[in-house]
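Encoded as structure tokens, the following chain is the form predicted on its own, with no partner shown.
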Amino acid sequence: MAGDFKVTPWEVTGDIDYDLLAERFGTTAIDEKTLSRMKKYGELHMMLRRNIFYSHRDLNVIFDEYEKGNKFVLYTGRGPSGHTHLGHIMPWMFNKWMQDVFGVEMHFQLTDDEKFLFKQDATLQETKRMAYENALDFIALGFDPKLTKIILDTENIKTMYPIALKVAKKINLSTAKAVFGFDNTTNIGSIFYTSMQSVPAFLPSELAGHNVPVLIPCGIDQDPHFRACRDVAQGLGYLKPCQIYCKMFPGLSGSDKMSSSDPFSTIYTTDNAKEVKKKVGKAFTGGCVSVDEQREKGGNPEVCAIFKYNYYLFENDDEKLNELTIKCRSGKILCGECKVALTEKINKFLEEHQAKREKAKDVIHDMTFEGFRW
């Protein structure tokens, strides 16, 4: 049924209609006028050209402030429930591009408390351990160590808690239920948690002693948290944080979102070459049942996980992507060939990333907020 999908910060199901989702959430499409404005600052990122980052809240406010000489702060994060996969990496890459283009600070929040509260079998020791592993992947992407700080909720709680309390006092239970779908079975820590996710949106202003604009590039599934955050901002004397949202990175199974619960649909940054080859080899494609039929009728790139991986992350050149589309539809290239080519691209990326990930261990302690130790 059209529109029969669910998107929350903790669950994504069904075939997502992203335009309808933006309408439901009340976000604004990134139009040509906004893209033209962004071109003034540098060449558009692939994810903007391809409408992967496609929706926003008050993005033009950020640019207005920037052009007045008021630098903004970037904020994004990760709930450390397991190893990092490509779906997590994708928006982080966009954040890295934003930092490079605008020369701004980056605050990266690791919500070990959230995953402890929302995952029944999680322990704080485990969520903190995974936070460390996730932070290595974040650093490996090349964020400026002088402009980047990693926040871990349970370690930085002394600074965060007073801000979270102010936010919590402004959000009533009926609002939390309506926005997040909480019910009488929800533990009270989970209900409080959204106050913690709001903190980095206001922390730069607290640290500076005056209002600082904040831009949050992340997946659109996180919008409910920031709707609540924006609703209380002005009442607390802060600027409303601005957001730029991306679509979900697809799974190899053909789903709209890569899922950690299905390891064969997911490429982790820690996967080896053999694992990648096996996973890509099992991926859902838009091909026909036989080689002869595909040569005759062609494939369907719109539903093909292999094509989507190129579209979202592994083929930056628009002309080459268009050429791949034509070859697929005309039957000039087969699914097996595309799988081999994608496997090579992913393994090349992971080989380089894993080397950088090892080097990140030497600098991770220097990039923590307030200098906490892992």
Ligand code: TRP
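The numbering used is simple: start at 1 and walk along the sequence shown. Everything numeric here is computed off the predicted structure, so don't read it as measured data.
There is also a form predicted in complex with this ligand; it is not shown, and the following applies to it.
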For this session: Please run the contact check for Phe116 against this ligand in the predicted complex: heavy atoms, 4.5 angstroms, yes or no?
Result: no
For this session: Find out whether any non-hydrogen atom of Phe226 is located within 4.5 angstroms of this ligand in the predicted complex, and reply yes or no.
Result: yes
For this session: Indicate whether Tyr268 is a 4.5 Å heavy atom neighbour of this ligand in the predicted complex.
Result: no
Exercise. Within a 4.5 Å heavy atom cut-off, is Cys218 in contact with this ligand in the predicted complex?
Worked result: yes
For this session: Answer with one of Asn156, Gln294, Gln222, Thr127: the residue that has a non-hydrogen atom within 4.5 Å of this ligand in the predicted complex.
Result: Gln222
Exercise. Just one of Pro241, Gly79, Gly251, Pro204 has a heavy atom within 4.5 angstroms of this ligand in the predicted complex, so which one?
Worked result: Gly79
Exercise. Thinking of this ligand in the predicted complex, which stretch from 191-199, 279-287, 300-308, 163-171 has heavy atoms inside 4.5 Å of it?
Worked result: 191-199
